[in-house]
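First, one chain by itself: the form predicted on its own, in structure tokens.
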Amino acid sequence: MKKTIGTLALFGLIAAGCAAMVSDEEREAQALAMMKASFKESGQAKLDRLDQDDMQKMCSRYHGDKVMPRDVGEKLEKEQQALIKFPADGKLVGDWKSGERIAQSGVGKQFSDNPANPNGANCYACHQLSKAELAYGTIGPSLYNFGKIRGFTPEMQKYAFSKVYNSQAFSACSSMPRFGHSGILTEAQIKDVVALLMDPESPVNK
């Protein structure tokens, strides 16, 4: 009897050891399969939203107390910078009034939204942009006086466009959406958001 119990215990330890030997890739595949089994497609919300690109997969490996090595973060940022697509006409600034409407709107990408309509950026959910707006989030830094503080220069316009287009190019694993890279905002919309940040007449800079 004691021998049988000992044998079972040994098998239990071996099984536990084998379970612990599962690779990160296998765990990621198991988690993805579980999520895809739990979610159902509805309207424009498809299951492919659960698929991660290489950058997202790497960010998923570093969370909680697991700090991403600096060289890994720098490599990810460099790769994301190469994915930024600047306007062919060379113009980075649009209409700040349209940019304000985009910043205020949180419509788009949900299963109940009409994909034929333009998406919003919902900027105020995370940032302060103007003094007139009393309701805003604090997850991201305040953007009030963005251009006024940093300067209305072509270099800053390029930075603003790049940051909105792909935030990961400057801060690996940032929680800010990659509005251009992910196709959330159009090129024209990004120009308008840049204008909201960079136009001297915008409420952001008053």
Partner chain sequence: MARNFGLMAAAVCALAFAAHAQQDKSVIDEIEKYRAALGDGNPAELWEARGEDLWKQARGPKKASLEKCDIGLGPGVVKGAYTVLPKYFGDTDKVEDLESRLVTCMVTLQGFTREEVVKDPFGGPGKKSDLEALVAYITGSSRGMKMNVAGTHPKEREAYEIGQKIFFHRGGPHDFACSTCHGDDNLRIRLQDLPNLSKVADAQRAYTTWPAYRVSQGELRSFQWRLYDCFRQQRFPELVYTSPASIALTMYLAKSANGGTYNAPAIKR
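Here the structure is a predicted model, which means the values were calculated and not measured. Residue numbers count along the first chain shown, from 1.
The same protein has a further form, the form predicted together with the partner chain, not shown here; the description that follows concerns it.
*Asks:* Looking at Lys91, Lys75, Lys97, Lys109, which is the one with a non-hydrogen atom within 4.5 Å of the partner chain in the model of the complex?
*Replies:* Result of the distance check: Lys109.
*Asks:* My question is simply whether Ala188 lines the interface with the partner chain in the model of the complex - judged by any non-hydrogen atom within 4.5 Å.
*Replies:* No, Ala188 is distant from the partner.
*Asks:* Applying a 4.5 Å heavy atom distance criterion, does Ile139 contact the partner chain in the model of the complex?
*Replies:* Ile139: yes, in contact with the partner chain in the model of the complex.
*Asks:* Since only the chain is shown here, I'm wondering whether Glu79 would be in contact with the partner chain in the model of the complex (any heavy atom pair within 4.5 Å).
*Replies:* Result no; Glu79 lies far from the partner chain in the model of the complex.
*Asks:* Decide whether Tyr144 counts as a contact residue for the partner chain in the model of the complex under a heavy atom distance cut-off of 4.5 Å.
*Replies:* Yes, contact at 4.5 Å.
*Asks:* Within 4.5 Å of the partner chain in the model of the complex, counting any non-hydrogen atom, which residues from 113-133 show up?
*Replies:* The stretch touches the partner through Asn122, Tyr124, Ala125, Gln128, Lys131, Glu133.
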